[in-house]
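Take a look at this one chain, the form predicted alone, written out in structure tokens.
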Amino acid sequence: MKLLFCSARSASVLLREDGDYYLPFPVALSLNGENLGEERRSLVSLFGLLPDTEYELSLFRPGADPETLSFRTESETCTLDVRRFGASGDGSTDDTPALQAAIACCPPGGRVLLPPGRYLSGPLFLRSHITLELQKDAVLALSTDRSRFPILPGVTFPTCGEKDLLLGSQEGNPLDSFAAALTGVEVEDVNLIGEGIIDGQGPDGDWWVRPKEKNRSWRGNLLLLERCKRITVQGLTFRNSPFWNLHPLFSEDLDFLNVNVEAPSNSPNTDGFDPESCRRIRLLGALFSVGDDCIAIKSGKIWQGRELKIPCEDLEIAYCAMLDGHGGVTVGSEMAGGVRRVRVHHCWMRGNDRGLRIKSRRGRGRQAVVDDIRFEDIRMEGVKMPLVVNCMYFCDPDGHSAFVQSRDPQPVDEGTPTIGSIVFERVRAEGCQACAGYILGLPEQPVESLTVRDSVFSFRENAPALVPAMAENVPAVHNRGFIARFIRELKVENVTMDRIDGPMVAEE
């Protein structure tokens, strides 16, 4: 067992390293001798702990000696119960003032507590050095009245100094946007923990009606962390966001542990986790079932990426479950600042359109370098296309133009993106439909390197033909191996496939 995080009131523990979201077999747990019951997940979080207290977690499985892990919780200065600040928790009273007052009054090292209840609230703003805990059966329900939401300005020009202030963000551009249910701007050392729910009430408002139209401002998130440091989000469930669910932006040293992110499969743009121009992030033990990409790694659309030149880098995604959703893990298409050093391992994907999806296009720029992306020890069930690399993704108003879609070499210039090294290792994909992988690079800048080794791909019988990549002139296919065009090096080592039509690797 390995302790990943410990606060004054909670802890997260990786029970074993050889599973994915689930352990290879169930185990029994006890804490200080108290039975916690059976556990199937690889990573668990413990809540209801006391500050500055010693604990011993024990793990039992048949035929083996018990394993133990000892740890001591952090200290805590105080707990502020939002009920004492006037919050009603009845689901109809506007509790925004009481909740915001408790956050504003909390001293460093303190805890703001939401006990069981349904707290109707507008966006709340975090402060540094505190813990916000939603206990089990506590729901923070986001107001559906957008007229009462504060707006974060996209760009504010400096009165002195040289840097513009960027606050509002929408799909990789600095645009006026509504604040998130929980918004952190330049805060640090914050814990957002608990077994409660943050409910964006997407179906109950007009957030999902004509979602691509600006209505007073652009849609906001459930959690926005902008220019933040050392934040841990643990155990919470995020549900029915107006737009993207979790959006770290220009932030670093973040942990997301055992979070759940939920939205209907037809909800528009409800991406689960979209880190943008961030570094050093761990996403461990999370479960996603959303209406768009489960995870989308970004670094700004053209202007933002070129001007700021802040990549997204050093990400670890492990022991997660990506259920449904267009992509399990997506890079782009707003990646003009680059994405590098991403490791995805010991994850389970089920029913996604694509497992690893890289989306780029001409015009993203020289900074738009995607490199050192690793997929290791992944289990896929019913993922239609385990791997897609698409450098002619038809996004943006000119996405269908000859400039983006031409298969003839274009000049390599300031707008030319690069795809570097991608590795697939120990991937077991069952129930594939279109193809094991589809790679479409640029003729003037081919994909540098793709390695697939020690992996197994099996296909559905009588699978329907599907278009594997969102680019022009890509034919529908079924039961194909790797289809590659414009790639410098493609290595396929110790890979088996069944029920495929044609060769394992084809250049078309």
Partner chain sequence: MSESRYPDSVCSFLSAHGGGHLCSGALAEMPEVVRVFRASAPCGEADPLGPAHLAWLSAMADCISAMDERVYEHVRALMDLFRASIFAAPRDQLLGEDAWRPLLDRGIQLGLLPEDLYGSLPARPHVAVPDLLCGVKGGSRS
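Residue numbers count along the first chain shown, from 1. This structure is a prediction, so every number in the text was calculated from the model and none was measured.
Just so it is clear, the following notes concern the form predicted together with the partner chain, a form of the same protein that is not shown.
Proximity of residue 173 to the partner chain in the predicted complex falls within the 4.5 Å heavy atom cutoff.
In the predicted complex, the partner chain lies farther than 4.5 Å from every heavy atom of residue 84. Residue contact check for residue 411: none of its heavy atoms lie within 4.5 Å of the partner chain in the predicted complex. Shown alone here, residue 214 lies within 4.5 Å of the partner chain in the predicted complex, counting heavy atoms only.
Only one listed stretch (155-163, 379-387, 221-229, 185-193) carries heavy atoms within 4.5 Å of the partner chain in the predicted complex, and that stretch is 155-163.
Interface residue among 103, 197, 302, 423 relative to the partner chain in the predicted complex, by the heavy atom within 4.5 Å criterion: 302. Between the partner chain and the residues 146, 340, 306, 118, the one pair within 4.5 Å by heavy atoms in the predicted complex involves 306.
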